[in-house]
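First structure 1, then structure 2: two forms of the same chain, each alone, as structure tokens.
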Structure 1
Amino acid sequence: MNGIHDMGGMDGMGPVEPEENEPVFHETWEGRVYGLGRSIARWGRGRNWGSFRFALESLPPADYLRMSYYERWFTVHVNRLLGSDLVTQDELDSGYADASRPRPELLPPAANRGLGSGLLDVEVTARFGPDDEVRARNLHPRGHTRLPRYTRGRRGTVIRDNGVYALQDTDGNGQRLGDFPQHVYTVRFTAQELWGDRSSARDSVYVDLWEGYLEPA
């Protein structure tokens, strides 16, 4: 998906200012938002919530830029609860459950839960190996993808094979395209390949990319 969320390589977004000894949460409410996500996860079973990342990337661009990191998370959580009728707008506004409404029911998980997002113990032939020259395919999907826009069409070198993982991409409705187990490689792109002569010849960017995103250079 092409959108403002894919900020890698963009100019004019302000300086990067690392915070020394940065806390996990800057405000108490941020920790609560994280906890909210963990506590409501089971309520998404059987309710077809789709990809969380896709939902984040579907926020209106002006809102995405205005919101802080956990504000975006909170908005997605709320949209999911409202969209599934697990809470109503009145309940959200008041902070109290409507006693006249039936209690929501937990649904059983889907029959096909997929392979998840972790390292898989499956045999898949690797198309590339260390030191292979590759090019990131120039893809522009309508759904979520892990292929950064700034790498598309750019040449790089495979540094490491990280093993086999299920593809995490989605369609234009946020639904997983399928597992498609494949190797994920760490690919080194020189800064000048990505951004031209204004970049230092000594700098490189390392990106982990699914095999389906790559083609021989």
Structure 2
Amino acid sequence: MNGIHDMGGMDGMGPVEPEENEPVFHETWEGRVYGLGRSIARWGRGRNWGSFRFALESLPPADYLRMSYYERWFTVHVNRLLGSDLVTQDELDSGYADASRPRPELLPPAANRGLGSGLLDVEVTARFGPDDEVRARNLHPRGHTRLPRYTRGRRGTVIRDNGVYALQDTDGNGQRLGDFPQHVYTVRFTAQELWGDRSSARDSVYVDLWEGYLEPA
């Protein structure tokens, strides 16, 4: 989706502000939110939670920018638990589990769970190879995609074939489109192809792109 999360190349965000001796978690609750994400994942099985990334990207842009990182995560956790009726708003408001409600039950995984997000040991013909000139397709899907806006329509050069991965893109409801296992290439775009004469002619941006995002140039 063409969301606020797809920030590469935007102006006006201000300076980068590193913090000296930054702790891993600034506050206790941040660590709990991080851990919660791992612990509740199994409760999403069979409940159509869809892509976590898509859920983050779908937060209203003003909220996305205002919220801290783990506040976004917490908001998505809560939205999912409420949406699946695993937790009610009354429970969140009171801070207590409603003893009159039945205990939630884990559901079996969906019959067609699909492939994971990791490198796959499957044979798929590679359409491109190192040194091939390619163009990122001008795609604007409503769902989650890993094709950054700043690359669309731009010409680059394949520098590496990273092997076969399942596509992680979703539909407009955050549900995976399907596995579509395909090669993922590292594509080098010259900085001037992307940003014109604002950039140095020496510089480049390297982006890892699924084969379906690319066409021959």
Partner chain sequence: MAGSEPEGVGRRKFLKEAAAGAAGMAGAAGAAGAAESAPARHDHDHDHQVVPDDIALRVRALESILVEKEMIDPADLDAVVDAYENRIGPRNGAQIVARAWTDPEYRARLLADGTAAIGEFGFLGAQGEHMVVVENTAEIHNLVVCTLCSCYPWPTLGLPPVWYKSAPYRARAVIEPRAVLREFGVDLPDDVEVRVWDSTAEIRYLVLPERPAGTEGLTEEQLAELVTRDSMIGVARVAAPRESAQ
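FYI, numbering is relative to structure 1, first residue = 1. Since this is a predicted model, take the numbers as computed values, not measurements. Shifts are known only where both forms have a C-alpha. Between two forms, the rigid core is the largest collection of C-alphas that superpose within 1.5 Å.
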Seminar exercise, completed: Only one structure is the form predicted alone, namely structure 1
Problem set entry | Post core alignment: D197 C-alpha displaced by 2 Å or more between structure 1 and structure 2 | no
For this session: Superpose on the rigid core and then read off how far the CA of E17 has moved between structure 1 and structure 2, in Å.
Result: 3.5
Problem set entry | Consecutive stretches, 3 or more residues long, displaced between structure 1 and structure 2 (C-alpha shift of at least 2 Å once the core is aligned) | 16-28
